[in-house]
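What follows is a pair of forms of the same protein chain, given separately as structure tokens and numbered structure 1 and structure 2.
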Structure 1
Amino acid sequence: MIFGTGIIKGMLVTLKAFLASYFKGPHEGGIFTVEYPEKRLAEKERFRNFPFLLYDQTPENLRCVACDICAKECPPKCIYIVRDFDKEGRPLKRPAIFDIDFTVCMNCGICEEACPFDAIFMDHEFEIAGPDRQNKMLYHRDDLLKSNEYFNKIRPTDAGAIDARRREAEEKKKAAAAQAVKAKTTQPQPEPPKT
């Protein structure tokens, strides 16, 4: 056995990978340099950056019910939620304040995993740099709102599964309500006592 054959084999592997990188595209393991911002690589569907809040049809139909689970589960504690109240002081199922400090957010996605109402998800938007870091990186509820159509566009697989599950739950709820109404109308009425 010749001394140094392992080094030669390793160098040949490196040379082969180096030469192959000029003939393959970036998605095939080739050259990874992309002339950003003129050219961009497409984000993966599960790419995650900063969170956003989801709403159905109009921003008033916010999915978030201000349960505060995402804020409690957030490791850096960058989510701040205050529940909304009506004129009589009763709590409503929506947040009056929903703030996320993007200077603290570490893009972990735990808020998305913890949300039982499918209301918060990780966005693909990453170009949010600006000169005013202290004020522009604190996102309020209205800044975080994005529609379900937007979610279907950036993550079609997840959005389709969630929409199907929500439709199925809504149909079960309607069927249960119809069953209760039917049972109430078909139930025999007690006869009034005879005097």
Structure 2
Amino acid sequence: MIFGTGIIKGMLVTLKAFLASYFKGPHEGGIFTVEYPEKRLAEKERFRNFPFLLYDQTPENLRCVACDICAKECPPKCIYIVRDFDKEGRPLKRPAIFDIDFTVCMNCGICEEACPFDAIFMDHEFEIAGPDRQNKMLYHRDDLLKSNEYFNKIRPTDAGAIDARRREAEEKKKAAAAQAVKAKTTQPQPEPPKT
């Protein structure tokens, strides 16, 4: 074999690729990169980035009950939660402080997996940048809130399944409550004690 045939054959491959970049589509050997940020690839549904807190209808109605499970399960411990109390000092089922440090968060998705109340989910938003670490990257409760509609938009399959499950549970609960009320009304009322 003549010395240099291998190189020439290799060059032909590159020449072919060069010509293909003009005439062929992205999946037939042409250019497959896109001009970010003008053009973007479609996001995968399961794509996960930083977490967000979910609310139903209004932001007051957030699903998080400040149970602290995600904060405990979080591998790098980037979640900080303080429970809210009412005026008499009774604990409420909502967080007063819910901070996530996005400089520490590693997008593992374990908080989403562990949450028993379907309250925290992984977002699709990835273009987060700030000039310093303290003010921009430490996200507080109100920065993290996002609506259920948004969740339905970015992850329709997961959101649909979760909504269906929640609705079913709610209906079951309602039916059980109705049953209980019914049982209560049909029961003979105890007579008031005689004085």
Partner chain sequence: MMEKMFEVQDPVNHDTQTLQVNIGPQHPSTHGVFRMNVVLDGETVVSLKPVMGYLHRNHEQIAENISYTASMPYTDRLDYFNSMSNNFAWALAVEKLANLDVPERAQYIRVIMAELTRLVNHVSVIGFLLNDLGAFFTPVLYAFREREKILDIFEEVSGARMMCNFLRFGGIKRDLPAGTLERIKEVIQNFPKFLDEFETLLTKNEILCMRCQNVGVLPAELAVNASITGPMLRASGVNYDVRKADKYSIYDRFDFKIPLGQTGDVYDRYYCRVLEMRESLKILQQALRDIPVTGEIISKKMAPFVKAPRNFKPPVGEAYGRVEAPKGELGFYVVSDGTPQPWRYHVRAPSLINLTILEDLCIGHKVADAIVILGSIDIVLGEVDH
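Throughout, rigid core stands for the largest set of C-alpha atoms superposing within 1.5 Å between the two forms. This is a predicted model, so every value here is computed, not measured. Numbering for residues begins at 1 and runs along the sequence of structure 1.
- Working note: structure 2 is the copy from the form predicted in complex with its partner chain; the remaining copy is not.
- In the core-superposed comparison between the two structures, the C-alpha atom of Lys16 has shifted by at least 2 angstroms.
- Comparing between the two structures on a rigid core frame, one finds that Ile7 has its C-alpha moved by 13.1 Å.
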